Ligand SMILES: Cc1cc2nc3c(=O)[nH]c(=O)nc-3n(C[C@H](O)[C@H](O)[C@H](O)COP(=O)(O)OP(=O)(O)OC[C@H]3O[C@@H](n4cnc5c(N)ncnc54)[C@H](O)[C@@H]3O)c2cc1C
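What follows is one chain in structure tokens, specifically the form predicted on its own.
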Amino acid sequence: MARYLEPLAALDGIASRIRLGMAVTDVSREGMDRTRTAGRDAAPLVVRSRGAAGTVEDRTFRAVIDASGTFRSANSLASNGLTLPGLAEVADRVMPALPDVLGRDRAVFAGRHTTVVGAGHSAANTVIALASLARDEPGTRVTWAIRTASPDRVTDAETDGLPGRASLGVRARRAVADGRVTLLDGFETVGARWDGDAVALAGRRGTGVTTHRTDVLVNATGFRPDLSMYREIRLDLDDVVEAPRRLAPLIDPNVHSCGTVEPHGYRELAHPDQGVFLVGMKSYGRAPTFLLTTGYEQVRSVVAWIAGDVASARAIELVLPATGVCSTDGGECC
């Protein structure tokens, strides 16, 4: 880990200017919006942040590294990616991905019927926790709703080079096999509404539309980047993946798995507005094939470039596990 942190000393003065308790809301160039070109590269970046009391601060920087991730920006429950019709009506029964089922959120699920929507590893984590809860809490029921015929992206030890992740597949499949979890396969969610005190989830299944009743929904359909803070910044993003254009071909989930991503750094992460970098999961846009090791190397390269150590920034070293299990049609994976 020390190798990743070596260049950070040169940035201590920059990092210390961000105050705790302030949330970044916008990024721009000082004195110019997105349309202005003259003098753009020489203008410092402006970062606007807002405090809990509504206090707004604008501060200037030479570079911005956005490692804010995508966890708070979930994909839609609807299979077409649009806002699920009826979602606002039942929103208080919808939980985000990876709730603390056996801890602080236990009361939400105990003794109730929960449906987990999504076929990836976030979904598998929640399914396993709910299956455990069902052993201890009478009346607790679990349904796992997926678009495909089987949760193929949740793998086992024979096909996954990451042992910890492989165990998720083994345990999730065991929970389905022993009846603690009901698998609702081939279900494409199209709407939701109240049905008495339950949520009625409408979905296409086969050639028709069916209704699935549940008490609680968990949205584990994956994530997408929130780019709203960059309306005045010139980003160069791939039209499909929403990742930096030079990075997108290297991580396209239709082609690549987690383990087949080529080494990349500051050059692939750069944008037309110099000094702006999206790193980590956010750099992958909608691609779900991200691994933390990749993010560590991205940050090391970017920080080295900002610190002026171009040789180190270009010396990308990335060794990933040999696994071909992360290819997907656009849902959640790693």
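We number the residues from 1 along the sequence you see. Because the structure is predicted, anything quoted here is derived from the model rather than measured.
Unshown form predicted in complex with the named molecule; subsequent notes refer to it.
In the model of the complex, the named molecule lies farther than 4.5 Å from every heavy atom of residue 140. Contact between residue 22 and the named molecule in the model of the complex is found at the 4.5 Å heavy atom cutoff. By the criterion of a heavy atom within 4.5 Å, residue 72 is counted among the residues contacting the named molecule in the model of the complex. The closest heavy atom approach of residue 122 to the named molecule in the model of the complex falls within 4.5 Å.
Among 133, 202, 98, 183, the residue placing a heavy atom within 4.5 Å of the named molecule in the model of the complex is 98. Proximity to the named molecule in the model of the complex, defined as a heavy atom within 4.5 Å, holds among 46, 291, 43, 307 only for 291. Per the 4.5 Å heavy atom criterion, the named molecule in the model of the complex is contacted by stretch 64 to 72, the sole one of 64 to 72, 51 to 59, 32 to 40, 262 to 270.
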